[in-house]
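The chain below stands alone and is given in structure tokens; this is the form predicted alone.
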Amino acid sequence: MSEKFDVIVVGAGPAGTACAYTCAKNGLNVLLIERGEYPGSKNVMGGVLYRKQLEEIIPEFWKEAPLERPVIEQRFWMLDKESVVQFGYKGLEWGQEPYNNFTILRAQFDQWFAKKAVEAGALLINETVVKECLVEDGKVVGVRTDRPDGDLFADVVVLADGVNSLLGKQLGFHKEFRPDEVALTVMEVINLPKDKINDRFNLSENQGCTIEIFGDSTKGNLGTAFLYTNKESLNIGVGTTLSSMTKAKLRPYDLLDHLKTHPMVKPYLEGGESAEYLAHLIPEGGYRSVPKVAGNGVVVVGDAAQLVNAIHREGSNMAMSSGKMAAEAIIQAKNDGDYSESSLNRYREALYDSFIIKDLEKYKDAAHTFEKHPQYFNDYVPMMNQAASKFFTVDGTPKREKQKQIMQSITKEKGRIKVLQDLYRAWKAVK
């Protein structure tokens, strides 16, 4: 193994592999380091992969990648204890090329993606922990691993080491993240025959459905739950911020069990067999938590750069785009022979000019607003269900009178001014 590379990428998740693949494809000498037994063994996400960003890296990837189902329906549930208000969109155009998004199993997908990087020329080593970055005269020059004689050198080191990014913290790029800036998500893969999945979710062959769940799924705390269809299994999970979990004294797996036994969810899982439990920390801080992303001889991508839009459950697409943008900056730095912070800041400029930072900036106040004001999940979701129940119950009351009764019920409990203030605050957080 050569001890000097053009690029060392730490972490073989979507961000790191996208960077390694793009660099290797353009002739750079790339080392991709993964701490797990194989790419995907340590990586977790709900299981939705968006098409657009990966297609920009590998055109028509869906013809060979290990995908589960193209998603043709997205549902959103406002869940109360024994009811649900739901809305969403189902479009058959999403089931045809070029598609919109897919459900995936990370253990399979990450291995395939890393293999593509290897085929492009990258060297992949697994079961290797990077303990620290090597720094000389203020420039990152390589990494120290847990292997014997494990110092490896490169012109640029790419930090794709996940939400905590101990390497980024070592370099002073970020401090310890607060509990309200990180969410813990637990999920389970439940095996279920294909025909039962299709029947229960009203799907045809090779069609997928995702359900995003708010309200009682997190016992009224800030967070979301999800239920996604794979070919012959379901991904079900729930996550809340660590601060919410601590305040409410919640245990993550108890929260998952609460979701699985909820009367609105349980019928979808009936007869299924548990295949795997997983847990993962997810960045929740958004725009205000994005750390320094470029330095002398180093860039930060994906979860390590806090690039997750929790409002729209977007993470893997942002990760891959950031990896690609970082690679493009590194390729230009290689051409110029300049790996300084000012040179690699091309990556930061591209990132801040992209949909990634623009979307994070748009929702920069959302998580803080909804955690600081728990009535949105505790009060308004149940109110929404009660209002729907009252309005759709046929009892001889004129509809106009029902509308009046519903509004009186809401304003009586909260007060008209308070309701208007809450609506304005929520609108302001997501506008």
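Keep in mind it's a predicted model, so treat the numbers as computed, not measured. Residue numbers here begin at 1 and follow the sequence given.
Keep in mind that the form predicted together with a small molecule is not shown, yet the notes after this line are about it.
Trainee: M45, I57, A367, L67: which sits within 4.5 Å of the small molecule in the predicted bound form by any heavy atom?
Mentor: Residue within 4.5 Å of the partner: M45.
Trainee: Tell me, out of A294, L360, V130, A117, which residue has a non-hydrogen atom within 4.5 angstroms of the small molecule in the predicted bound form.
Mentor: Spelling it out, the residue with a heavy atom inside the cut-off is V130.
Trainee: Please pick out the stretch from 67 to 75, 156 to 164, 338 to 346, 252 to 260 that is in contact with the small molecule in the predicted bound form, where contact means heavy atoms within 4.5 Å.
Mentor: Result for this chain: 156 to 164.
Trainee: Might C23 be said to contact the small molecule in the predicted bound form, defining contact as any heavy atom within 4.5 Å?
Mentor: Flag for C23 set to no.
Trainee: I'd like to know if F214 sits close to the small molecule in the predicted bound form, meaning any non-hydrogen atom pair within 4.5 angstroms.
Mentor: The answer is no: F214 has no heavy atom within 4.5 Å of the small molecule.
Trainee: Quick one: is R106 in contact with the small molecule in the predicted bound form, heavy atoms, 4.5 Å cut-off?
Mentor: Heavy-atom contact with the small molecule at 4.5 Å: present for R106.
Trainee: Indicate whether F61 is a 4.5 Å heavy atom neighbour of the small molecule in the predicted bound form.
Mentor: Contact check for F61: no, nothing within 4.5 Å of the small molecule in the predicted bound form.
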